[in-house]
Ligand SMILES: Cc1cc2nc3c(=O)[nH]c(=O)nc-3n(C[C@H](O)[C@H](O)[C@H](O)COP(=O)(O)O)c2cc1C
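Given next, in structure tokens, is a single chain: the form predicted alone.
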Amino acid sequence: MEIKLYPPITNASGPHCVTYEELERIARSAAGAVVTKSMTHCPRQGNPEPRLRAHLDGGIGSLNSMGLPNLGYQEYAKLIPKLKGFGKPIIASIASAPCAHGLPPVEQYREIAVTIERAGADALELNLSCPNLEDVPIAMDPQGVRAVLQAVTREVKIPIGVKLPPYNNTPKLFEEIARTLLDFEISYIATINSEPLTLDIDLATRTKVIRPNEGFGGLGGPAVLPIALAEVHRFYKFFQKHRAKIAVWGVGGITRPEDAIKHFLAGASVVQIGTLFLWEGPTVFEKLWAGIEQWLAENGFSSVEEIIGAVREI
């Protein structure tokens, strides 16, 4: 099932989307949809602070090891009906994490998905790629991806997206994951989640800038744009080659309208905004969309659809 957003730009699950107040601000903005924080079976406080450096030296981006702080899926099930009153698609991001109930990850995804569909969510985004928990992300294990998708797609009828990490220089793993996705009726993939295992140091104090995971965290912002474009493009080409009706949603490095245009040219049909949204709040959607429309008009295009995947070889 295809998800149509207008404008084709929304928040990335992560910053400023935990509480109802934060989600309401997105709903009132120019974003084409509202994406929730990745909800887990149990409420989570997240990792110890400091766990976020919003502005890295040189403006290259942000570094975080948040650890999925969220209200727990039962609270989001109560919030979704209220959010639907704003008339925008509500996309519920779902993740698994160590839980007091002892449920295995696959069962957590299944139970949350069923409950959230009943609550009225318009789509699910299965976050299989959080880099800031103790366990290796499910997205790095093709069999784990298969198990989650089998459990969820059997139970729910609303569109399903999958949030993936960068696979970088692992072509065999990329191929395995991409082929696994072909076996399921999913609507889109969102790529990339933050670049994992990155580190920064505060020279004034000679300390690591965040505390959890020995200072290692996920990098987002301008520095990851080329990585994100590569992942968008190779998934787009793979799905085109196999005639798969799976859309690619581009995430990573978008701080200007031109960055979003690059994502569209690489094959994205929707873009999600993370670090810039962290920096500037909900006004970013209107500003970015205005710039995108201006670029399209100046270059003789009437819609984003005309440039999706239209990058040229040299």
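Everything quoted here is computed from the prediction, not taken from an experiment. Start at 1 with the first residue shown and count on from there.
Separately, the form predicted together with the ligand exists; it is not shown, and the next lines address it.
I'd like to know if Ile192 sits close to the ligand in the predicted complex, meaning any non-hydrogen atom pair within 4.5 angstroms.
Output for Ile192 is yes: heavy atoms within 4.5 Å of the ligand.
Answer with yes or no whether Leu52 is in contact with the ligand in the predicted complex, where contact means some heavy atom within 4.5 Å.
Contact with the ligand, yes.
Contact between Gly217 and the ligand in the predicted complex at 4.5 Å, heavy atoms?
Heavy-atom contact with the ligand at 4.5 Å: absent for Gly217.
Using a 4.5 angstroms cut-off on non-hydrogen atoms, would Gly267 count as touching the ligand in the predicted complex?
Because no heavy atom of Gly267 falls inside 4.5 Å of the ligand in the predicted complex, the answer is no.
Check for me: heavy atom within 4.5 Å of the ligand in the predicted complex, for each of Thr115, Val148 and Ile160, yes or no.
No, none of Thr115, Val148 and Ile160 comes within 4.5 Å of the ligand in the predicted complex.
Any idea which of 22-30, 36-44, 241-249, 285-293 reaches within 4.5 Å of the ligand in the predicted complex, heavy atoms considered?
Flagged stretch: 36-44.
Mind listing which residues of 202-231 have a heavy atom within 4.5 Å of the ligand in the predicted complex?
Heavy-atom contacts to the ligand in the predicted complex: Gly220, Gly221, Val224.
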